[in-house]
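Provided below as structure tokens are two forms of one protein chain, presented individually as structure 1 and structure 2.
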Structure 1
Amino acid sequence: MQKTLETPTPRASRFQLWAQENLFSTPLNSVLTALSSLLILWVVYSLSVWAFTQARWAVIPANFRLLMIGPFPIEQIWRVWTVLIVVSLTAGLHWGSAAKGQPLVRWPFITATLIALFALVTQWGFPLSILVPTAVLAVFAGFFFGRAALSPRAVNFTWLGVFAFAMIVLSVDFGQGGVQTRDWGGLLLTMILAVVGIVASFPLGVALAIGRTSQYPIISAICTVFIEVVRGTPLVVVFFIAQLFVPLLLGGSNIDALFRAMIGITVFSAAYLAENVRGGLQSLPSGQIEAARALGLTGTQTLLLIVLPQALKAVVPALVGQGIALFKDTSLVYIIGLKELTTITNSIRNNPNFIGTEKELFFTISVIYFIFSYAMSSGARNLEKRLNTNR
């Protein structure tokens, strides 16, 4: 028996190995890979042909202000800039306080640099050339200050202050005329609706969840009926009913349409949020409550210090999912005619000057919606990691 020495085959490169493993492991897989590649090539090819040769992108810069703020009066635009700069500062603080003790090169810097580059490249006129860099600088300033001095908890409270500040600055008359809420529009209105919905539905949803899991049958029954009825109704119907019922209810027909929509979206979102929170409440082992009571905590203390913090932490992913859903659902106020991003897009589409630009418009706003939703979901993943105390 003589062993013949096989000539060693040349070692495959790492890429070859990887490709063999992940793309061509079986004949079926090879076929799938070929088909997928063809599909990707076709989509990329037709998308680039459209984007670079056919699309009339001029519609976007021509209507950029409309898309961002809708019919907001131009002479009052300093209000929007003030809010934007304050929000940039707070966002910087938020990032900074979250990035404590981490290397400096991170997302905020990449984002801020991109914005600055964009501002330089497009060479806007006077006010923008000052204001955009100011907003970018605010992000940087906030980041360094927050990184050095602030705890994430302090920033969370700052957000509430910023929210109140923004609502005041965007509307109140300081002597030269205020801004009507019906003049709010575009992405600005989308953001306001989403933030108000999320902030207002949170306490209501938590209260409903506690009510539904309550040991008192009457309270539990009432909360259950409320939650199930709202969850069984489409948001569009809730909006229509809010438009009709809220004025009847509060005894006046001149109630702001935006306010009615806010009530609708808050009630709707609270019912869904309640179900998510209920999941968290029910996942909590009863030993936690028993231990708290044994230590002499009162019912309220047990709820606030023991039950809620753990229950809410358990359902962070679901809560963020709810926030994303609410953000996307703000587009439905199109049906009742509020001028948020989707409505504005449709009115531009119907403008005789911009006939046939629906692809460009819908592509742009889809990208806008996508960026915010995706940012929320990836932010949630980070938050989940940070809150995970069972590492």
Structure 2
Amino acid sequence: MQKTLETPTPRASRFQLWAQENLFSTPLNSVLTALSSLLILWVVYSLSVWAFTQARWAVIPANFRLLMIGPFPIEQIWRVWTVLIVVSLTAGLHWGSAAKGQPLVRWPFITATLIALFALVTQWGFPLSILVPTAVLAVFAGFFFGRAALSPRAVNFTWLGVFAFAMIVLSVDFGQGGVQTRDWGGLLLTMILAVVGIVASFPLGVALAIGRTSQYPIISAICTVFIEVVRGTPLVVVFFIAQLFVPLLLGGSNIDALFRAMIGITVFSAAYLAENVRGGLQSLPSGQIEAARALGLTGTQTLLLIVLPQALKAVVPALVGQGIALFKDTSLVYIIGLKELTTITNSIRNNPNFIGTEKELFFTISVIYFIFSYAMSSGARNLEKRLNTNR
């Protein structure tokens, strides 16, 4: 019998297979996909018409410096540039050490581009011809040095020193008069509050989670009451309590309002983070703890070497989600008089010269929030890939 040659059928592309499985798998899904596509096209068309024909974008470059640093004195702007250059150098070190032995990553190039655009839009009265190249070169110098000589763990500890350096440079009197925290504002203040809240709430939240799962009833009860009370209180109320009771507890009425806000946001975030970590602790099989005890490990060694690393690894997505939520919740500090990004936006739109520019302003700050939130989410995905030991 003579065999007939069959014509090979072309393989469907990956996108076609994905669309067939997820968008057009059933008649109902096909209808929903068509309706959703029409809705998306209508939204995109409406936004495009507004953005290119109606929006008054001149309000953004005219107030961009105010959005970035608030009422920070212009004669003290060198402090912000110094911090920006040091942060650029450390970011380059971080990405260089993380990409050791791997192809060049895109983040140094993205950072350098953002710094250049940042300087051009702000148009500060400073020698930008010197500062911008310095900040850009700091990114690449740190990247190639970190790629050649540093380990990621060393750079991680460097960030703590950078934050302390930034707080000192931004506030301490160097003979020209210091800058009061009431003059900090915009994205600068938002980032400071977010960093303090995320970094400070992490060890406190882990300690609360461990305490809640403790075998000692008193410790467990205290941690449980603290977590449930704070989680049952709105963040706005926590800010007011911090403003009223922190000076009472610390014995002074002249405690800085920013410091009170830092305490409030740290306590609030720690309570939610504790519940996330507790879920990771309870997901660990009890057989591993029994095996650690059989090997002669003490309770502390079992917790630090066996239980806690696996628990934190299991709840990385939840921890990142909490960090993103905390970054956005910093907008609520306006109720206690701090001039963060949203407060500055409201003050600009109330300016008689910029009446009717609410949509442009809030669209811009929503993009700013999205950029930082997406960066945190992207970093978390990369961390999950590195921690994935099941591949």
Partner chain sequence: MNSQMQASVPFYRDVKKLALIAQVVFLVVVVLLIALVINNINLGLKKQNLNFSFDFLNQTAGFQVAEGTAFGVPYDSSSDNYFKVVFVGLYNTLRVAVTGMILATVLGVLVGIGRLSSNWLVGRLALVYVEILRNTPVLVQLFVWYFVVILGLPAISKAQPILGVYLSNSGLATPWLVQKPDMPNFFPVTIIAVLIGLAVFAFFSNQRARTGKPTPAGWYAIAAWLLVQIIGFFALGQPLEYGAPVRGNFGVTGGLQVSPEFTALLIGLVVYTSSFIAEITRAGIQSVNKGQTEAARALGLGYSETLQLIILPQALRVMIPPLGNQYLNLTKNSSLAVAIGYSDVLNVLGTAGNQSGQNLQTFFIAGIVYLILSFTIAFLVNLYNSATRLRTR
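Definition used throughout: the rigid core is the maximal C-alpha set that superposes within 1.5 Å between two forms. Predicted, not measured: the structure shown is a model, and the values here were computed from it. Counting starts at 1 and follows the sequence of structure 1.
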item	value
Of the two forms shown alone, the one predicted in complex with its partner chain	1
Flag for N346, CA shift 2 Å or larger between the two structures after aligning core	no
Flag for Q301, CA shift 2 Å or larger between the two structures after aligning core	yes
F24: Cα shift of 2 Å or greater between the two structures (core-aligned)	yes
Rigid core superposed, the C-alpha shift at L38 between the two structures in Å	2.5
